[in-house]
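This document starts with one chain, in the form predicted alone, laid out as structure tokens.
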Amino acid sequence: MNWVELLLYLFAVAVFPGFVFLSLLGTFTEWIERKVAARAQNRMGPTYVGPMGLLQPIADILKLLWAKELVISRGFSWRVTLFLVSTGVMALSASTLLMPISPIRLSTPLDSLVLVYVLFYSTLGFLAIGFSSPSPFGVVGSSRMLSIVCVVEPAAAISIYAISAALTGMGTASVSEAMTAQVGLQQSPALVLGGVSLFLVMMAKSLLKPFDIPEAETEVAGGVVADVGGPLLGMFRILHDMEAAFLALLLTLLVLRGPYPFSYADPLGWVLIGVKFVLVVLAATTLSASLGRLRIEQGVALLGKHSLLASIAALGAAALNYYVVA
């Protein structure tokens, strides 16, 4: 590796499409969520900071990071928590190297499994916040999240592998190559089933209704973040927004085929990527604004029935196409 490639890797991870870009995209995703929720509840939502309140999520995070002091309860392991949350942020930033929008892209057989492994770091960051807290609300919130994680993570892993395998082969299963592969009628069942599963995974991991069970304000006072404030809460917000944006972008590029029918070299393709991304976020937030919170057992059952089973069906469709049809 020469110094030019090294600089490209650093730029991709730190700026585009890594930390800076993903952070800004995450705050934009949060803005859409807050605007849609406010519209559904006959409120204004973000209004004053920036045009149409577009910069309000950024202002909120900056206030937490620099204007608020770190106030923690006795016994709270904030250093360990901050390390895990920061690791989750870095893992999401590095994962963007697998995407075709990156100026320098990583691609290797079975990199879909690498992506699943790296994405789990963000989940560890969320769980650490609640379990490190001496507050019973934080522990209950993380316990609820752990119950959901036991269903969501296998569904995400199987869906990503199934779609990648359907488009690039069972032995290759490269998510990076799958984002630019041609899709035929034979691969469509795995793509549709895996897409449905990933959409529910995105909603659950983004803590959108009806899956906002771990941070239910009226039940457990915020749950995982009940005992968190200041810079640590700001880091939680950054991690949460980045993960929501990353999953929506993954759906856009992997399931909705990114710039198709244009190419990544066509400016219209990049416009279409933006339109598809906004549509994915709007669909999730509109659905969230129209639903109420489920009980923990209802949420787990719904995810198991409609996300995990759909991902298993997608894997079966991919295997059938690879070993029988092809």
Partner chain sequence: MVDPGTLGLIFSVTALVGGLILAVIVAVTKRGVRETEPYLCGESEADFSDSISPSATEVQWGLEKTLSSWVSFVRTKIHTGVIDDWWSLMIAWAAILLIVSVVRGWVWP
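Positions refer to the first chain, counted from 1. This is a predicted model, so every value here is computed, not measured.
FYI, the form predicted in complex with the partner chain isn't displayed, but the following is about it.
Asks: Among 156-164, 135-143, 186-194, 98-106, mark the stretch whose residues have heavy atoms within 4.5 Å of the partner chain in the predicted complex.
Replies: Going through the listed ranges, the match is 98-106.
Asks: Each of 65, 82 and 90 within 4.5 Å of the partner chain in the predicted complex, by any heavy atom, yes or no?
Replies: Every residue of the candidate spot has a heavy atom within 4.5 Å of the partner chain in the predicted complex.
Asks: Ok, 118, 151, 208, 256: which has a heavy atom sitting within 4.5 Å of the partner chain in the predicted complex?
Replies: After the contact test, the surviving option is 118.
Asks: Of 170, 128, 181, 114, which one comes within 4.5 Å of the partner chain in the predicted complex, counting heavy atoms only?
Replies: Of 170, 128, 181, 114, the residue with a heavy atom within 4.5 Å of the partner chain in the predicted complex is 114.
Asks: Look up in the predicted complex whether residue 202 has a non-hydrogen atom within 4.5 angstroms of the partner chain, and give yes or no.
Replies: No, no contact at 4.5 Å.
Asks: Residue 24 near the partner chain in the predicted complex, any heavy atom under 4.5 Å?
Replies: Output for residue 24 is no: heavy atoms all beyond 4.5 Å of the partner chain.
Asks: In the predicted complex, does residue 235 have a heavy atom within 4.5 Å of the partner chain?
Replies: Heavy-atom contact with the partner chain at 4.5 Å: present for residue 235.
Asks: Does residue 16 make contact with the partner chain in the predicted complex, using a 4.5 Å heavy atom cut-off?
Replies: It does not: once the partner chain is placed as it appears in the predicted complex, residue 16 has no heavy atom within 4.5 Å of it.
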